[in-house]
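Only one chain is shown below, in structure tokens, and it's the form predicted on its own.
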Amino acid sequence: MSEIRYGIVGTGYFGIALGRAIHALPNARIVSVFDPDHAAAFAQEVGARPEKSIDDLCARDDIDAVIVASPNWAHAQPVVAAAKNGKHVFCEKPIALTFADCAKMLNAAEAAGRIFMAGHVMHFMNGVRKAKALIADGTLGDILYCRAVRTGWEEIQPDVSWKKKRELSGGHLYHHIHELDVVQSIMGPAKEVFMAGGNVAHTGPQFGDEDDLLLITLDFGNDRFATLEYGSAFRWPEHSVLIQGTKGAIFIDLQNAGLELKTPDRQERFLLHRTQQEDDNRTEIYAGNKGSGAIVYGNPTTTAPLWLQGIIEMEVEYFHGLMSGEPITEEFAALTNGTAATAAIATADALSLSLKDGRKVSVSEITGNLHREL
């Protein structure tokens, strides 16, 4: 296997975690990194060169693939630049904050004939993969309904992170797009959506301007539905995905880590992550977070926990395998061309319009004007 050479745009909390996972792989080398604030220390750690700009990094002839882990609002530029320079791309979630930007990114990757993989790491959880396998083999029958919840309470922080500013992060709906994406990977793209809520408990200069309570309904047609709850205005924290079918149900518990299957003649529990140690690590961290639940954000000075390192390692190994000539697997096909991530953003855009207008919105209102670009 020949060496695969990587460039990394963004070396904050997640960029560093991705970079360390890549650095540990055989036949992988990080050549160059760009980050206006954090590049130097990480570049020294992995023996890479800090670059002065995104364009300089993407134009290098000694880079095969670019990892984009810049802040949410700054994904489109490096993805398009990387693709136009003939580089394969891995982009952290959310891949963009508008469907229009997603279309530009998909078009650039397609025109260049390059892979454009989205960092929707939840798909690499053992429990999520097991749930999909049980659905595929008919154990649950026809899927009728999903409920996903990612809620907690946020206290006043020392400063207001960009992640709390709607224009930069997209707020909870976009920054925590994982659950919406997983639900759509099970049910298919939503057809009509409705979202209610607002910023009900975190207003003032000591907070950002994101909505802290979001209540979502998705209609997939054919009498199939989903509900989702997001936000930091919930004193009783929850983090889970419930899948209801005609023959049984699955509960993916992301707090007390594990997956539980129930049918009339079967009840069984599975790991959420690769090992019991990783599940225990996640459970202990959530218990220690108390009221904050899933509403926790990392920074460049903190190290990703064991459970998160595990799923990052698996997604990076998969991407590195593709770079090394291994085939795209059917399970992750929609992750490796950007289409699933784009569908999630289209639904999020429709939900944002629903909240703004106070009405039910067809997702085609978002995608219709731009479908030819895809």
Ligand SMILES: NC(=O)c1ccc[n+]([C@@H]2O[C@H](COP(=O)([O-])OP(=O)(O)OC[C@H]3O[C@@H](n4cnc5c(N)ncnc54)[C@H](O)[C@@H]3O)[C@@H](O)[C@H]2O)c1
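Counting begins at 1, following the sequence as shown. Note that the structure is a prediction, hence the values are computed from the model and not measured.
Same protein, other form: the form predicted together with the ligand, not shown, and the subject of what follows.
Look at 55-63, 321-329, 32-40, 334-342: in the model of the complex, residues with non-hydrogen atoms within 4.5 angstroms of the ligand sit in 32-40. Proximity to the ligand in the model of the complex holds for all of V121, W162 and N299, with the criterion being a heavy atom within 4.5 Å. Contact annotation: Q255 falls outside 4.5 Å of the ligand in the model of the complex, judged by heavy atom distances. Although the partner is absent here, L351 sits far enough away that none of its heavy atoms falls within 4.5 Å of the ligand in the model of the complex.
In the model of the complex, S70 approaches the ligand with a heavy atom inside 4.5 Å.
Although the partner is absent from this view, G19 stays clear of the ligand in the model of the complex, with no non-hydrogen atom inside 4.5 angstroms. Among the residues H239, H175, H88, H273, the one placing a heavy atom within 4.5 Å of the ligand in the model of the complex is H175. Contacts between 70-96 and the ligand, taken as any heavy atom within 4.5 Å in the model of the complex, involve S70, P71, N72, W73, A74, H75, E92, K93, P94.
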